[in-house]
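Next up: just one chain, as structure tokens, the form predicted alone.
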């Protein structure tokens, strides 16, 4: 496994501050955060391309912190691929093996295996300047993996690709990881990309890791407003916890009270996920403790679902299917009821 403890690097524009991470062997680990938060620098620290001011990096108990990059057996793929323009595809892929002094026969065997894996046999004699973005990315990945690295580092590897190519390469990366089981650290600012690939995610902000966990757990239970907003969570509100008998509520600034289940006190944030909200024309008969009347103020089509904005004193986003929208005859200006359970409210 990879263990990072107290990793710190002070730079002109920002600092990497006391990074602690435990990444399991064979795990696909994604570091997610906005542009300029230090994700690439963190990868370069792990690769040995940048020296830390403080902290340690271990792999399976072996300390890598002082090792030069060439002794770490780490493969890295950058966002812009960084293929050698004066070499063709075959020469690019086998470059690392040639530098290591691997015999030609062994290089050919490894090449045959890796190009079959990436389905790029037909590209071997091509000039890299004539490749599409997706082809360049496959060549860059093949070059990184042909040396059988114990760790693979991917720096925004899909960000420059069109949506169709990006989706295909996501599937390729998932399949390759399942087959090769190389411990992988992948950085991105795209939460959907992280959801598609990650076993676990670390959220990075201003040079610090602010939350780590399973993708669904981070989406359902963010630990801060920054994380919630960054991963695209809807319906984030702030209020004060009230206790009325055995029940607890969060009272928002406009006086609206939302029933919750929490041990927190004082001022808190809360989230209600749009898919956890029921909508009806009459009060919904259930054990759910939150039921509010409101007006539909906006309707947006979102491909696989419809996003309604309902004004209940605050604007609440609700997801329904297109079929339900037609069946219920919901239009702007209609009065509706929204219902959700206290257990569906995440308080932090």
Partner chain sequence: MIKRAWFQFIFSLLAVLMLIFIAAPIIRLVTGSSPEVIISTVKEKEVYSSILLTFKASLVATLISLLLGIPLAYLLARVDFPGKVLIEGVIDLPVIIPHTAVGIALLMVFGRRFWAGRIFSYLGVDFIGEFNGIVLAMMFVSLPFLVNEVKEGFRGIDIKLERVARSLGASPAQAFFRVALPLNKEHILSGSLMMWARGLSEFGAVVIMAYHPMTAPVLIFERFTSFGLKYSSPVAAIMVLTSLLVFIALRLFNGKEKGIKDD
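Positions refer to the first chain, counted from 1. All figures in this text were calculated on a predicted structure; none of them were measured in a lab.
Quick note: we don't show the form predicted in complex with its partner chain, though the next part is all about it.
With a 4.5 Å cutoff on heavy atoms, residue 267 does not count as touching its partner chain in the predicted bound form; it lies far away. Contact check for residue 138: no non-hydrogen atom falls within 4.5 Å of its partner chain in the predicted bound form. Although the partner is absent here, residue 219 lies well away from its partner chain in the predicted bound form, with no heavy atom inside 4.5 Å. Although the partner is absent here, residue 85 sits close enough that one of its heavy atoms falls within 4.5 Å of its partner chain in the predicted bound form. The stretch that touches its partner chain in the predicted bound form, counting heavy atoms within 4.5 Å, is 85-93, out of 184-192, 233-241, 85-93, 164-172. Put simply, of 305, 50, 291, 312 only one has a heavy atom within 4.5 Å of its partner chain in the predicted bound form, and it is 50.
This chain appears without its partner; in the predicted bound form, the one residue of 179, 109, 116, 98 with a heavy atom within 4.5 Å of its partner chain is 98. Taking a 4.5 Å heavy atom cutoff to its partner chain in the predicted bound form, the contacting residues in 57-79 are 68, 69, 70, 74, 76, 78.
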